[in-house]
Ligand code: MEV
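One chain follows as structure tokens, the form predicted on its own.
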């Protein structure tokens, strides 16, 4: 398929981190899964390689998107295609919206350049865009989106720079979460920067906390593979306590965590950067009733299956 014959369409999934955000930046593992919501990119023939930036983006976002797109386009020879984007994912909520955009865009660019958009090729190109968006990202967001699987991810420092290693974590049971938004999210750079300052001031204390999160991630991945959703939920609850200890939670996020637990969540925690607000996830056997109740309360929320057997 080429843009000269048919429009190109590609999807990039959003993501949630079940356990391990923040500590993943320091080399510890994270457990992350793809959402059913994300970003769709479409490509049509054009005189030059160009991105139709969404009108809803502000001036700074538009500049960043164009810069990231140009970087990725150069990597594949700037094929003559015009790319448009459609997002069905809350933006700037800790759900990997920039990675979803990068993955969807990369898949269209690869197709337009006559290349096969494999997960590996897509991740490599999306990584270039993510570096423009975030500077030094952990890599977990775009890897999860490109793989479209529940993964155990670790950032590794090699001789040629930072790389990511991921392996699929398979679940014999349906693994579904409710994603609920709470509060007004702080900029990721502010939240991450404040944590980095504390970590630099008291390195041994924070190293112990990060290491404990890393052990929880390993235990949680084993629970998933054993079909032990209760064990996974408990690990999520403990991880939330450690995130609060790291100074990453807030009253709006804590209130939503406890609301999800009251609705029957096996485990609930913030996902993503945290701070004054953002996304909170709850692990449920049956997520639909919780979504109905939360929606009636005026909470923006949705459910998504991350792993396990899927209905045909």
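Keep in mind that this is a model prediction, so the values were computed, not measured. Positions refer to the first chain, counted from 1.
Quick note: we don't show the form predicted in complex with the ligand, though the next part is all about it.
- For residue 140, a non-hydrogen atom is located within 4.5 Å of the ligand in the model of the complex, even though that partner is not displayed.
- Although the partner is absent here, residue 25 is a contact residue: one of its heavy atoms lies within 4.5 angstroms of the ligand in the model of the complex.
- Residue 272 belongs to the set of residues with a heavy atom inside 4.5 Å of the ligand in the model of the complex.
- Taking non-hydrogen atoms only, residue 75 never approaches the ligand to within 4.5 angstroms in the model of the complex.
- In plain terms, the part of the chain that comes close to the ligand in the model of the complex, with a heavy atom within 4.5 Å, is 131-139 out of 103-111, 79-87, 224-232, 131-139.
- This chain is drawn without the ligand; in the model of the complex, the residue among 212, 176, 237, 188 with a heavy atom within 4.5 Å of it is 188.
- Taking 192, 181, 121, 242 one by one, only a single residue has any non-hydrogen atom within 4.5 Å of the ligand in the model of the complex, and it is 192.
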